[in-house]
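Only one chain is given next, in structure tokens, and it is the form predicted alone.
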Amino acid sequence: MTDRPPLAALFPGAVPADAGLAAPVVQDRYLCGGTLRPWGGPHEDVISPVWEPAPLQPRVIGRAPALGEAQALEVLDAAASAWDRGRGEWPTMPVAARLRCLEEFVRRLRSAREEVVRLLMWEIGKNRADSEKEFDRTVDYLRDTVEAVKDLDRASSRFALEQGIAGQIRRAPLGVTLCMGPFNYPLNETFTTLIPALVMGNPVIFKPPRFGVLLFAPLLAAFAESFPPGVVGSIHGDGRVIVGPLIGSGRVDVLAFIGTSRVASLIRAQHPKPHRLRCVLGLEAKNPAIVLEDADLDLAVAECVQGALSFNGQRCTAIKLVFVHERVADAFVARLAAAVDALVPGMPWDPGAQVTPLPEPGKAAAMAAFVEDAVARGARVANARGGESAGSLYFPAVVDGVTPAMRLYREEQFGPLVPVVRFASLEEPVQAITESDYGQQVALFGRDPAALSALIDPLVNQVCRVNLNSQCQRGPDSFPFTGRKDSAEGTLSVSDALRVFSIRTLVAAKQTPANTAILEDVLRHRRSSFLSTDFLF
């Protein structure tokens, strides 16, 4: 490791041609009422985690609109008009027609792949391979959504006959939806709420995250050209300025938010009738791993490194706390430290880069503060390079000997730190998970089916996914993704998301000759988008 260059030397003086950006990237439009409105007002500088070298300092790569309350309400007016209290073109449009709009958007989206990938690298520091994966996974998600909508509609295309009553049960939209995605997966996770909400008939307003705002610029025209006016709108700027008025108006029916529980609570509280605001929330987690004394240590180390440090640990699904049985703790920590020190730091476009710059200002200092607190209370940094930093680069630290007295035990670090807790009795990690405010996932590592079963049964009532000998993760997208306690509200998967952004509604009639004749006429002449027995292929 002594032949590795210092972290500061990794920041580029020159950028490869296949990674460069037009500088600066200026976004000067927002989407409202089906048109791209020019914005001549104030802008916010977009700061890249890829700092300028010599002297090392933050780099401005572009500007994004800083809209005000008036513009936010203008976008809301357009969405409310598209909804028209459920009578608008979009919410009453046949499912097949909405799917054609989505398929047109997918076609246009694909042409923006390279531009979006480069902006992911520059805006949030995600390496090229993961940036490409995020884009491709998003396209796959959209295609899978089309098929899931067809399946849902096919299942609803028949009438139920019960106790002399005929009824057709379908899913109907909920209303104007505000979608706010996170910076760590700004494209994918924004779209995992925006697209299902949209395709189920809800007009959508979306706010890009603070880090990852520019990558939506090339997509605004695709939205405008693929969907009817007002069905999709965008707002940009300080959430305290533009989100509060939207929620406070009482005209937002659904909030889809991925972020922290603190912010989610603040937003929801601003609605004048919060019990009427449907919330779909993906929030923080402190996902633990439990390494039993019979675990395959090589496997556990590999999965924990990937699970804890993929994209620098900036994932709600990341492993944030590793409980290790004391009988194997020394061997596990030694292997874990060596594996972490073998990670390759670099810029997002560098081949093989695994540790990349952090997008949040002051994040390296925040990580250092976690480590200082732990060390002051008796923990130690187990890997040689742990805690090295330069500008926005922070080399991951394995912190051994973490206890409940330390911040790293309780708080979600959301960054490149791997806290290790040694335990003697399995009751210790089980009790910690039970008492935790979070309940998304857990990873279990061991060989004995009986021992693993004894953990599975209590833990499935504390978290929503138990991973056996594998890292915590979201995919595949067909699996439910949710959490207990403060970790989530609502379930997201390709099929579950369609249900969470809609409600079961039915038309029912007693089976009289007159009613039967009415229903037959409606179906035969296709007089209703809701009442239909058409089969989507």
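In this text, residue numbers run from 1 along the sequence as written. Note that the structure is predicted; figures quoted are calculated from it, not measured.
Just so you know, the form predicted together with a small molecule exists too; it's not on screen, but the next bit is about it.
When the small molecule is considered in the model of the complex, Asn184 lines it closely, a heavy atom lying within 4.5 Å.
Contact check for Thr190: no non-hydrogen atom falls within 4.5 Å of the small molecule in the model of the complex.
Put simply, Arg315 is close to the small molecule in the model of the complex: some heavy atom of it is within 4.5 Å.
Under a 4.5 angstroms non-hydrogen atom cutoff, the small molecule in the model of the complex lacks Arg171 among its neighbouring residues.
Residues placing heavy atoms within 4.5 Å of the small molecule in the model of the complex fall in a single listed stretch, namely 468-476, out of 29-37, 64-72, 468-476, 503-511. Among His325, Arg385, Arg98, Arg137, the residue placing a heavy atom within 4.5 Å of the small molecule in the model of the complex is Arg137.
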